[in-house]
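Only one chain comes next, encoded as C-alpha coordinates, the form predicted alone.
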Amino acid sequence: MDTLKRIKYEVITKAAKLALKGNRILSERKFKTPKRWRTDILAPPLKIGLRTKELVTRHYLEGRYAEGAKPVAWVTSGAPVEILKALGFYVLYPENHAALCGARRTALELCLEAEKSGYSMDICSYARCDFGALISGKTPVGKLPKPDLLLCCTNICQTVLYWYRVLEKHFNVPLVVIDTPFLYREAEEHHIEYVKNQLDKLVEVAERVSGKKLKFERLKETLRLSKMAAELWHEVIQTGKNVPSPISVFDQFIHMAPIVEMRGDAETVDFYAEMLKELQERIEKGVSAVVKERRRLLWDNLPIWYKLKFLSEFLAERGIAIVTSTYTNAWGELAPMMDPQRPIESMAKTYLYPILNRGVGHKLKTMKEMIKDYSLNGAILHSDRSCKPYSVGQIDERNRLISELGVPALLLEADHNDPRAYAEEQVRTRLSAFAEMLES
(Lines give C-alpha, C1' and ligand atoms only; values in the text may rest on other atoms or scores of the structure.)
Protein backbone atom coordinates (compact mmCIF):
# COMPACT_ATOMS: atom_id res chain seq x y z
CA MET A 1 0.00 0.00 0.00
CA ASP A 2 1.10 3.56 -0.76
CA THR A 3 2.04 5.52 2.40
CA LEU A 4 0.97 8.91 0.99
CA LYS A 5 -2.37 7.49 -0.13
CA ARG A 6 -2.81 5.95 3.29
CA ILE A 7 -2.22 9.30 4.99
CA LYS A 8 -4.59 11.03 2.57
CA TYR A 9 -7.19 8.34 3.21
CA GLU A 10 -6.93 8.72 7.00
CA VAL A 11 -7.13 12.50 6.90
CA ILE A 12 -10.07 12.67 4.48
CA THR A 13 -12.11 9.88 6.04
CA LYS A 14 -11.66 11.18 9.58
CA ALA A 15 -12.68 14.68 8.51
CA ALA A 16 -15.64 13.27 6.57
CA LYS A 17 -16.69 11.17 9.54
CA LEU A 18 -16.80 14.21 11.79
CA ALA A 19 -18.58 16.34 9.16
CA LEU A 20 -21.21 13.67 8.43
CA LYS A 21 -21.83 13.04 12.12
CA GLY A 22 -22.17 16.77 12.78
CA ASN A 23 -24.60 17.16 9.90
CA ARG A 24 -26.64 14.22 11.13
CA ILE A 25 -26.84 15.56 14.70
CA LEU A 26 -27.92 18.95 13.36
CA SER A 27 -30.57 17.29 11.17
CA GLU A 28 -31.83 15.28 14.16
CA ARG A 29 -32.34 18.49 16.14
CA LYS A 30 -34.30 20.05 13.27
CA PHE A 31 -36.04 16.80 12.36
CA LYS A 32 -39.28 17.34 10.48
CA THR A 33 -41.44 15.02 8.45
CA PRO A 34 -40.83 15.69 4.72
CA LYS A 35 -43.60 17.75 3.09
CA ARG A 36 -44.39 15.05 0.54
CA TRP A 37 -44.73 12.38 3.23
CA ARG A 38 -48.26 10.92 3.41
CA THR A 39 -48.88 11.46 7.13
CA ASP A 40 -52.57 10.60 6.61
CA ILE A 41 -51.65 6.97 5.93
CA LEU A 42 -48.06 6.51 7.14
CA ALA A 43 -46.31 7.21 10.43
CA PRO A 44 -43.51 9.80 10.25
CA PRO A 45 -40.23 8.32 8.94
CA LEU A 46 -37.94 6.73 11.52
CA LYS A 47 -35.37 9.20 12.83
CA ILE A 48 -32.75 6.45 12.54
CA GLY A 49 -32.96 7.06 8.80
CA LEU A 50 -30.60 10.00 9.24
CA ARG A 51 -28.02 7.66 10.71
CA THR A 52 -28.59 5.14 7.91
CA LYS A 53 -27.82 7.89 5.41
CA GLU A 54 -24.72 8.87 7.38
CA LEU A 55 -23.33 5.32 7.53
CA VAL A 56 -24.00 4.51 3.87
CA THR A 57 -22.59 7.85 2.67
CA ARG A 58 -19.48 7.39 4.75
CA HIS A 59 -19.03 3.81 3.55
CA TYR A 60 -18.93 4.83 -0.11
CA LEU A 61 -16.88 7.93 0.63
CA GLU A 62 -14.24 5.74 2.27
CA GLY A 63 -14.28 3.54 -0.80
CA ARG A 64 -13.56 6.52 -3.03
CA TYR A 65 -10.19 6.99 -1.32
CA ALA A 66 -9.41 3.40 -0.29
CA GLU A 67 -7.66 2.35 -3.50
CA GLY A 68 -3.93 2.13 -2.82
CA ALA A 69 -4.42 3.19 0.81
CA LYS A 70 -5.69 -0.13 2.18
CA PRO A 71 -6.56 -3.52 0.68
CA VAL A 72 -9.91 -3.56 -1.12
CA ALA A 73 -12.14 -6.59 -1.64
CA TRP A 74 -15.32 -6.94 -3.66
CA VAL A 75 -17.53 -9.66 -2.19
CA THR A 76 -20.91 -11.32 -2.63
CA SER A 77 -23.52 -10.54 0.03
CA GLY A 78 -23.42 -14.04 1.51
CA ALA A 79 -19.64 -14.25 1.77
CA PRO A 80 -17.69 -14.84 5.05
CA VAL A 81 -16.62 -11.21 5.20
CA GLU A 82 -15.41 -11.38 8.81
CA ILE A 83 -12.06 -12.82 7.67
CA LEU A 84 -11.46 -9.83 5.39
CA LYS A 85 -12.66 -7.33 7.96
CA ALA A 86 -10.25 -8.78 10.52
CA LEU A 87 -7.40 -8.25 8.04
CA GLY A 88 -8.26 -4.59 7.51
CA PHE A 89 -9.86 -4.78 4.06
CA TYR A 90 -12.26 -2.16 2.79
CA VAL A 91 -15.14 -4.32 1.62
CA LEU A 92 -17.49 -3.42 -1.24
CA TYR A 93 -20.68 -5.35 -2.06
CA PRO A 94 -21.57 -4.95 -5.75
CA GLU A 95 -25.12 -6.19 -5.04
CA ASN A 96 -25.66 -3.43 -2.49
CA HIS A 97 -24.24 -0.87 -4.91
CA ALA A 98 -26.68 -2.11 -7.54
CA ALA A 99 -29.58 -1.95 -5.07
CA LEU A 100 -28.65 1.64 -4.27
CA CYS A 101 -28.64 2.39 -8.01
CA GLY A 102 -32.12 0.84 -8.22
CA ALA A 103 -33.46 2.90 -5.32
CA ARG A 104 -32.02 6.05 -6.91
CA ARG A 105 -33.43 5.04 -10.30
CA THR A 106 -30.13 4.99 -12.15
CA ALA A 107 -30.07 1.20 -12.62
CA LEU A 108 -31.81 1.21 -16.01
CA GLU A 109 -29.20 3.51 -17.54
CA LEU A 110 -26.43 1.23 -16.29
CA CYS A 111 -28.20 -1.93 -17.44
CA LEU A 112 -28.48 -0.41 -20.92
CA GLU A 113 -24.73 0.33 -20.90
CA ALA A 114 -24.06 -3.35 -20.16
CA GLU A 115 -26.48 -4.53 -22.85
CA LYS A 116 -24.80 -2.26 -25.44
CA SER A 117 -21.58 -4.12 -24.68
CA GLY A 118 -23.18 -7.48 -25.35
CA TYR A 119 -24.48 -8.60 -21.97
CA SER A 120 -27.88 -10.27 -22.25
CA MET A 121 -31.01 -8.72 -20.80
CA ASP A 122 -31.67 -12.13 -19.24
CA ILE A 123 -28.71 -11.72 -16.87
CA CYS A 124 -29.51 -10.64 -13.29
CA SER A 125 -30.20 -6.89 -13.24
CA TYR A 126 -27.80 -6.45 -10.31
CA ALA A 127 -25.00 -7.91 -12.43
CA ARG A 128 -25.94 -5.84 -15.48
CA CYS A 129 -26.10 -2.72 -13.35
CA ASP A 130 -22.58 -3.25 -12.04
CA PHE A 131 -21.19 -4.23 -15.44
CA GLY A 132 -22.67 -0.99 -16.75
CA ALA A 133 -20.98 0.95 -13.96
CA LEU A 134 -17.62 -0.66 -14.82
CA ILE A 135 -18.00 0.05 -18.53
CA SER A 136 -19.25 3.63 -18.23
CA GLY A 137 -17.59 4.73 -14.99
CA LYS A 138 -20.97 6.07 -13.90
CA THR A 139 -22.21 5.55 -10.35
CA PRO A 140 -24.36 7.58 -7.96
CA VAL A 141 -21.69 7.12 -5.25
CA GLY A 142 -18.98 8.99 -7.16
CA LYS A 143 -16.35 6.29 -7.61
CA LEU A 144 -15.89 2.59 -6.91
CA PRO A 145 -12.41 1.51 -5.78
CA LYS A 146 -10.51 -1.10 -7.81
CA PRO A 147 -10.42 -4.38 -5.88
CA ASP A 148 -7.23 -6.17 -4.84
CA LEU A 149 -9.20 -9.33 -4.14
CA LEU A 150 -12.54 -10.81 -5.23
CA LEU A 151 -14.50 -13.13 -2.92
CA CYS A 152 -17.45 -15.06 -4.32
CA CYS A 153 -19.60 -17.40 -2.23
CA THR A 154 -22.12 -19.55 -4.10
CA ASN A 155 -24.62 -19.75 -1.22
CA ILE A 156 -26.95 -17.19 -2.84
CA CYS A 157 -26.93 -18.24 -6.50
CA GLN A 158 -24.77 -19.56 -9.32
CA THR A 159 -24.95 -16.28 -11.23
CA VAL A 160 -22.39 -14.76 -8.87
CA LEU A 161 -19.82 -17.34 -10.00
CA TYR A 162 -19.99 -16.13 -13.61
CA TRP A 163 -20.38 -12.52 -12.50
CA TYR A 164 -17.16 -12.66 -10.51
CA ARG A 165 -15.30 -14.40 -13.32
CA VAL A 166 -16.13 -11.36 -15.44
CA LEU A 167 -14.78 -9.13 -12.64
CA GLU A 168 -11.65 -11.30 -12.37
CA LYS A 169 -10.95 -10.86 -16.07
CA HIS A 170 -11.72 -7.13 -15.95
CA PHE A 171 -9.52 -6.32 -12.93
CA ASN A 172 -6.92 -9.10 -13.25
CA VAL A 173 -6.86 -9.73 -9.48
CA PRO A 174 -7.16 -12.95 -7.44
CA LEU A 175 -10.62 -14.52 -7.19
CA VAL A 176 -11.46 -16.81 -4.28
CA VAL A 177 -14.59 -18.93 -4.69
CA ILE A 178 -16.23 -20.47 -1.63
CA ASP A 179 -18.33 -23.31 -2.98
CA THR A 180 -21.18 -24.17 -0.60
CA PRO A 181 -22.99 -27.50 -1.11
CA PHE A 182 -26.74 -27.01 -1.49
CA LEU A 183 -28.65 -28.22 1.56
CA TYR A 184 -31.79 -30.26 1.01
CA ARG A 185 -31.65 -31.34 4.65
CA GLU A 186 -29.32 -30.42 7.51
CA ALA A 187 -25.60 -29.95 6.85
CA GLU A 188 -23.42 -32.97 7.49
CA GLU A 189 -19.91 -32.90 8.91
CA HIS A 190 -18.27 -33.41 5.53
CA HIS A 191 -20.17 -30.37 4.16
CA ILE A 192 -18.86 -28.21 7.00
CA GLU A 193 -15.32 -29.57 6.66
CA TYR A 194 -15.42 -28.94 2.90
CA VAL A 195 -16.29 -25.25 3.44
CA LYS A 196 -13.83 -24.92 6.34
CA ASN A 197 -10.96 -26.05 4.09
CA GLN A 198 -11.93 -23.34 1.61
CA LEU A 199 -12.00 -20.72 4.37
CA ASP A 200 -8.49 -21.75 5.37
CA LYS A 201 -7.45 -21.18 1.76
CA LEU A 202 -9.18 -17.79 1.79
CA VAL A 203 -7.12 -16.81 4.83
CA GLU A 204 -3.91 -17.68 2.98
CA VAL A 205 -4.83 -15.63 -0.10
CA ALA A 206 -6.19 -12.69 1.89
CA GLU A 207 -3.03 -12.60 4.05
CA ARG A 208 -0.88 -12.54 0.92
CA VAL A 209 -2.92 -9.76 -0.70
CA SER A 210 -3.09 -7.61 2.44
CA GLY A 211 0.48 -8.26 3.54
CA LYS A 212 -0.79 -9.00 7.05
CA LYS A 213 -1.09 -12.05 9.25
CA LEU A 214 -4.58 -12.83 10.52
CA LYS A 215 -4.80 -12.35 14.27
CA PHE A 216 -7.10 -14.94 15.80
CA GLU A 217 -8.29 -12.61 18.57
CA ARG A 218 -9.18 -9.96 16.00
CA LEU A 219 -11.18 -12.52 14.01
CA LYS A 220 -13.07 -13.59 17.13
CA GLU A 221 -13.91 -9.98 17.94
CA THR A 222 -15.09 -9.32 14.37
CA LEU A 223 -17.37 -12.36 14.44
CA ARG A 224 -18.67 -11.32 17.86
CA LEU A 225 -19.67 -7.95 16.43
CA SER A 226 -21.31 -9.62 13.42
CA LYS A 227 -23.30 -11.88 15.72
CA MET A 228 -24.43 -9.00 17.92
CA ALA A 229 -25.51 -6.94 14.91
CA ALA A 230 -27.43 -9.88 13.42
CA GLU A 231 -29.15 -10.55 16.74
CA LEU A 232 -30.19 -6.91 17.05
CA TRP A 233 -31.38 -6.82 13.45
CA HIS A 234 -33.52 -9.89 14.17
CA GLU A 235 -35.01 -8.12 17.19
CA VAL A 236 -35.71 -5.10 14.99
CA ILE A 237 -37.64 -7.28 12.55
CA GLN A 238 -39.52 -9.02 15.33
CA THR A 239 -41.01 -5.74 16.55
CA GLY A 240 -43.31 -6.32 13.58
CA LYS A 241 -45.08 -8.98 15.66
CA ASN A 242 -46.67 -6.15 17.61
CA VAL A 243 -50.21 -5.29 16.50
CA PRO A 244 -50.20 -2.66 15.07
CA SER A 245 -46.64 -2.91 13.79
CA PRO A 246 -44.23 -0.02 14.40
CA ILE A 247 -42.23 -0.95 11.31
CA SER A 248 -43.04 -1.92 7.74
CA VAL A 249 -41.03 -4.07 5.39
CA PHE A 250 -40.28 -0.94 3.36
CA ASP A 251 -38.51 0.48 6.42
CA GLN A 252 -36.61 -2.79 6.72
CA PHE A 253 -35.48 -2.73 3.10
CA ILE A 254 -33.92 0.71 3.58
CA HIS A 255 -32.35 0.08 6.99
CA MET A 256 -30.90 -3.36 6.19
CA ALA A 257 -27.92 -1.79 4.40
CA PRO A 258 -25.58 -1.86 7.44
CA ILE A 259 -26.25 -5.53 8.28
CA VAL A 260 -25.30 -6.49 4.73
CA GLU A 261 -22.27 -4.33 4.01
CA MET A 262 -21.05 -3.35 7.48
CA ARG A 263 -21.10 -6.64 9.38
CA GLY A 264 -18.24 -6.88 11.83
CA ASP A 265 -18.21 -3.14 12.66
CA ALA A 266 -18.93 -1.87 16.17
CA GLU A 267 -20.94 1.02 14.73
CA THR A 268 -23.35 -1.42 13.10
CA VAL A 269 -24.10 -2.87 16.54
CA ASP A 270 -24.69 0.63 17.93
CA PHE A 271 -26.88 1.49 14.94
CA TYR A 272 -29.29 -1.42 15.41
CA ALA A 273 -29.38 -0.97 19.17
CA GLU A 274 -30.52 2.61 18.56
CA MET A 275 -33.03 1.53 15.92
CA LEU A 276 -34.51 -1.07 18.27
CA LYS A 277 -34.82 1.58 20.97
CA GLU A 278 -36.75 3.89 18.63
CA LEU A 279 -39.10 1.09 17.60
CA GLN A 280 -39.78 0.13 21.21
CA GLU A 281 -40.65 3.77 21.91
CA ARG A 282 -43.10 3.65 19.01
CA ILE A 283 -44.73 0.53 20.47
CA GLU A 284 -45.10 2.21 23.86
CA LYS A 285 -46.71 5.26 22.23
CA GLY A 286 -48.95 3.15 19.98
CA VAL A 287 -47.40 4.48 16.78
CA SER A 288 -48.23 2.27 13.80
CA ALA A 289 -46.17 2.25 10.58
CA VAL A 290 -49.45 2.19 8.66
CA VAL A 291 -51.80 4.63 10.40
CA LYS A 292 -54.98 2.58 9.93
CA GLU A 293 -53.55 -0.93 9.87
CA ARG A 294 -56.30 -3.45 9.06
CA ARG A 295 -54.47 -6.24 7.27
CA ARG A 296 -50.94 -7.60 7.80
CA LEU A 297 -48.91 -9.31 5.07
CA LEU A 298 -45.66 -11.16 4.40
CA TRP A 299 -43.35 -10.19 1.51
CA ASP A 300 -41.31 -12.92 -0.18
CA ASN A 301 -38.22 -12.24 -2.31
CA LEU A 302 -36.18 -9.10 -3.02
CA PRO A 303 -37.74 -5.60 -2.99
CA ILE A 304 -38.78 -3.79 -6.13
CA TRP A 305 -36.25 -1.06 -5.40
CA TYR A 306 -37.53 1.58 -7.84
CA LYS A 307 -41.13 1.30 -6.56
CA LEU A 308 -40.75 1.29 -2.76
CA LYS A 309 -42.58 4.61 -2.28
CA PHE A 310 -45.43 3.73 -4.62
CA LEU A 311 -46.02 0.28 -3.11
CA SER A 312 -45.78 1.59 0.44
CA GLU A 313 -48.39 4.31 -0.17
CA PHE A 314 -50.65 2.23 -2.42
CA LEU A 315 -50.98 -0.49 0.20
CA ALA A 316 -51.18 1.88 3.17
CA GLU A 317 -54.12 3.68 1.53
CA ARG A 318 -55.95 0.35 1.81
CA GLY A 319 -54.93 -0.29 5.41
CA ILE A 320 -52.39 -2.95 4.43
CA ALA A 321 -49.13 -3.23 6.34
CA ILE A 322 -46.41 -5.54 5.07
CA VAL A 323 -44.70 -6.19 8.39
CA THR A 324 -42.11 -8.86 7.62
CA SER A 325 -40.19 -10.52 4.81
CA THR A 326 -38.26 -13.71 4.17
CA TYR A 327 -35.56 -11.54 2.60
CA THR A 328 -34.90 -9.25 5.56
CA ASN A 329 -35.32 -12.16 7.97
CA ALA A 330 -32.47 -14.00 6.24
CA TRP A 331 -29.94 -11.51 7.63
CA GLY A 332 -30.88 -12.23 11.23
CA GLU A 333 -32.07 -15.80 11.49
CA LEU A 334 -28.57 -17.32 11.35
CA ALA A 335 -27.13 -15.31 14.26
CA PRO A 336 -27.43 -18.23 16.74
CA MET A 337 -25.05 -20.31 14.59
CA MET A 338 -22.20 -17.81 14.95
CA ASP A 339 -19.70 -18.81 17.64
CA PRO A 340 -16.95 -16.21 18.19
CA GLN A 341 -14.90 -18.77 20.16
CA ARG A 342 -14.78 -21.05 17.10
CA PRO A 343 -14.83 -18.51 14.27
CA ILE A 344 -13.66 -20.56 11.27
CA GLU A 345 -15.69 -23.64 12.19
CA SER A 346 -18.87 -21.70 12.95
CA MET A 347 -18.54 -19.59 9.78
CA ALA A 348 -18.16 -22.78 7.74
CA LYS A 349 -21.55 -23.90 9.08
CA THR A 350 -23.33 -20.55 9.20
CA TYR A 351 -22.56 -19.66 5.59
CA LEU A 352 -24.04 -22.98 4.46
CA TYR A 353 -27.47 -22.04 5.77
CA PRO A 354 -28.67 -18.88 3.95
CA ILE A 355 -32.25 -19.29 2.74
CA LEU A 356 -31.18 -19.48 -0.93
CA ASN A 357 -28.81 -22.37 -0.22
CA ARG A 358 -31.64 -24.54 1.09
CA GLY A 359 -34.55 -26.33 -0.54
CA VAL A 360 -37.87 -24.63 -1.26
CA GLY A 361 -39.44 -26.75 1.46
CA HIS A 362 -37.41 -24.83 4.03
CA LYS A 363 -38.62 -21.50 2.65
CA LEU A 364 -42.23 -22.68 2.71
CA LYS A 365 -41.81 -23.80 6.33
CA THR A 366 -40.28 -20.41 7.21
CA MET A 367 -43.17 -18.56 5.55
CA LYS A 368 -45.75 -20.65 7.40
CA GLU A 369 -44.05 -19.94 10.72
CA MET A 370 -43.86 -16.22 9.98
CA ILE A 371 -47.55 -16.08 9.04
CA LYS A 372 -48.43 -17.55 12.43
CA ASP A 373 -45.84 -15.68 14.50
CA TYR A 374 -46.66 -12.27 12.99
CA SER A 375 -50.46 -12.78 12.93
CA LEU A 376 -50.56 -12.28 9.15
CA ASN A 377 -53.61 -12.22 6.90
CA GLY A 378 -51.82 -13.06 3.66
CA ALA A 379 -48.67 -12.93 1.57
CA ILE A 380 -47.27 -11.26 -1.54
CA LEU A 381 -44.69 -13.35 -3.38
CA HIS A 382 -42.58 -11.21 -5.70
CA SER A 383 -41.81 -13.40 -8.72
CA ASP A 384 -38.52 -11.73 -9.56
CA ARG A 385 -37.45 -12.01 -13.19
CA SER A 386 -33.80 -11.55 -12.26
CA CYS A 387 -33.60 -13.79 -9.20
CA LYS A 388 -34.46 -17.29 -10.35
CA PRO A 389 -33.20 -19.09 -7.19
CA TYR A 390 -35.49 -17.01 -5.00
CA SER A 391 -38.47 -17.27 -7.35
CA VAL A 392 -38.32 -21.01 -8.10
CA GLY A 393 -41.13 -22.90 -6.42
CA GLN A 394 -43.22 -19.81 -5.65
CA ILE A 395 -46.30 -21.05 -7.50
CA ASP A 396 -46.35 -24.19 -5.37
CA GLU A 397 -45.54 -22.17 -2.24
CA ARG A 398 -48.44 -19.82 -2.94
CA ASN A 399 -50.81 -22.73 -3.50
CA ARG A 400 -49.69 -24.45 -0.28
CA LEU A 401 -50.18 -21.27 1.76
CA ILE A 402 -53.72 -21.02 0.41
CA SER A 403 -54.65 -24.68 0.77
CA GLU A 404 -52.88 -25.50 4.05
CA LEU A 405 -53.16 -22.23 5.99
CA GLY A 406 -56.18 -20.73 4.29
CA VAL A 407 -54.49 -17.37 3.76
CA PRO A 408 -54.68 -15.41 0.50
CA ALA A 409 -51.41 -15.24 -1.40
CA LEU A 410 -50.59 -13.14 -4.48
CA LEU A 411 -47.87 -13.81 -7.04
CA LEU A 412 -46.61 -10.45 -8.32
CA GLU A 413 -44.34 -10.41 -11.39
CA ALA A 414 -41.60 -7.77 -11.61
CA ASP A 415 -37.83 -7.36 -11.37
CA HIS A 416 -35.90 -6.04 -8.40
CA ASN A 417 -33.83 -3.55 -10.43
CA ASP A 418 -35.01 -3.37 -14.05
CA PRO A 419 -38.21 -1.31 -14.47
CA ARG A 420 -38.76 -2.71 -17.97
CA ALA A 421 -40.06 -5.91 -16.34
CA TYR A 422 -42.60 -3.96 -14.29
CA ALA A 423 -46.10 -3.12 -15.56
CA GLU A 424 -47.66 -0.36 -13.46
CA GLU A 425 -51.29 -0.85 -14.48
CA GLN A 426 -51.11 -4.60 -14.07
CA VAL A 427 -49.61 -4.20 -10.59
CA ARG A 428 -52.29 -1.66 -9.60
CA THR A 429 -55.07 -3.92 -10.85
CA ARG A 430 -53.78 -7.05 -9.14
CA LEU A 431 -53.00 -5.33 -5.84
CA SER A 432 -56.43 -3.65 -5.81
CA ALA A 433 -58.16 -6.98 -6.41
CA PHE A 434 -56.01 -8.62 -3.74
CA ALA A 435 -56.87 -5.87 -1.24
CA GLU A 436 -60.58 -6.39 -1.92
CA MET A 437 -60.13 -10.12 -1.35
CA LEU A 438 -58.45 -9.48 1.98
CA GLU A 439 -61.39 -7.34 3.09
CA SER A 440 -64.04 -9.86 2.08
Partner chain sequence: MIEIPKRSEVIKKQKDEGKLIAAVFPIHYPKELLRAFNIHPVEVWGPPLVDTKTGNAHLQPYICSIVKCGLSFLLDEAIGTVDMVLVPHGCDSLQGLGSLLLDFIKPEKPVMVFYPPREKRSCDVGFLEKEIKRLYHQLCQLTGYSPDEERLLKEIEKEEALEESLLKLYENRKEVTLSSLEFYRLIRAREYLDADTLMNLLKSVPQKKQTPLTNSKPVILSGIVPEPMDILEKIDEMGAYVAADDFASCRRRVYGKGESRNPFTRMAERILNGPPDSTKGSSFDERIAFIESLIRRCSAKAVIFHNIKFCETEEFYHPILKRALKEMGVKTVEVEVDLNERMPQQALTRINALIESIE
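Positions refer to the first chain, counted from 1. Just so we're clear, the structure is a prediction, and the values are computed from it rather than from any experiment.
Beyond the structure shown, there is the form predicted in complex with its partner chain, which is absent from this document and is the topic of what follows.
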Using the partner position in the predicted complex, report whether residue 267 sits within 4.5 Å of its partner chain, counting heavy atoms only.
-> no
Does residue 190 reach its partner chain in the predicted complex, with heavy atoms at most 4.5 Å apart?
-> yes
Mark residue 154 yes when one of its heavy atoms lies within 4.5 Å of a heavy atom of its partner chain in the predicted complex, and no otherwise.
-> yes
Find out whether any non-hydrogen atom of residue 67 is located within 4.5 angstroms of its partner chain in the predicted complex, and reply yes or no.
-> no
Go through 118 to 126, 95 to 103, 306 to 314, 240 to 248 and give me the stretch that gets within 4.5 Å of its partner chain in the predicted complex, heavy atoms only.
-> 118 to 126
Partner-contacting position among 342, 362, 212, 294 - heavy atom within 4.5 Å of its partner chain in the predicted complex = 362
Checked 142 to 165 against its partner chain in the predicted complex; residues with a heavy atom within 4.5 Å, sequence order, are 154, 157, 158, 159, 161, 162, 163, 165
